[in-house]
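Here we start with a single chain on its own, the form predicted alone, put down as structure tokens.
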Amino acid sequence: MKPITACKIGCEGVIVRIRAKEPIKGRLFSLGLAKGSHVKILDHTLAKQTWEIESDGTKIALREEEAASIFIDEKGCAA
């Protein structure tokens, strides 16, 4: 289990925990990100301040703070 911000581009996994307070937690839930959701890391900016992920066929842009609060269990990761 590790945060999305510790994963490399191309990693896939299942969300096992979201450790955030409101309003970030509410924003993540409104985007469809919850425990058990499948996610794939698509890209991030050079400074890793913005992360692009895909969940259930939807591309989502997250700020660093939001991405760091999502912990996944990696299922596939390009080395």
Partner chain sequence: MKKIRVALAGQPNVGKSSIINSITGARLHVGNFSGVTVEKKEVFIERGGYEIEIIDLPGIYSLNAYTPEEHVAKRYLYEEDYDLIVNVVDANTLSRNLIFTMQLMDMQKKMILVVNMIDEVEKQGGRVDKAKLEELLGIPVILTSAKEHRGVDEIVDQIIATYESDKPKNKLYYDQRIEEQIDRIVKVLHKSPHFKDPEYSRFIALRLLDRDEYIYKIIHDLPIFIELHELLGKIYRELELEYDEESTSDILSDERYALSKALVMEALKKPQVRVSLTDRLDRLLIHPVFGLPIFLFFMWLLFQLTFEVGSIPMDLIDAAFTEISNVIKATLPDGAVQSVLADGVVPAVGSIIMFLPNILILFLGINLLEQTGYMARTAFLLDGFMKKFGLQGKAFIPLVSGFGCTVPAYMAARTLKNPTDRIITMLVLGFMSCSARLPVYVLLIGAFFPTAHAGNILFIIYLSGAILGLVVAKILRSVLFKGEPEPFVMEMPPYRFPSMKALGMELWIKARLFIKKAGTFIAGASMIIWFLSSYPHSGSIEQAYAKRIEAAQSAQIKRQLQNEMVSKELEHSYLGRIGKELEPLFAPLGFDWRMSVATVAGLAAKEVVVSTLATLYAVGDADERSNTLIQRLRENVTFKAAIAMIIIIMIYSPCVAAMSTFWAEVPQWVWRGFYLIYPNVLAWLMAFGIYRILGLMGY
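Numbering follows the first chain given and starts at 1. What you are looking at is a predicted structure, and each value in this text was computed from that prediction instead of being measured.
Here the subject shifts to the form predicted together with the partner chain, a form of this protein not shown in this document.
Within 4.5 Å of any heavy atom of the partner chain in the model of the complex lies no heavy atom of residue 41. Residue contact with the partner chain in the model of the complex: residue 62 places a heavy atom within 4.5 Å of it. Taking the partner chain as it sits in the model of the complex, the stretch 6 to 26 comes within 4.5 angstroms of it through a non-hydrogen atom at 17, 22, 23, 24, 25.
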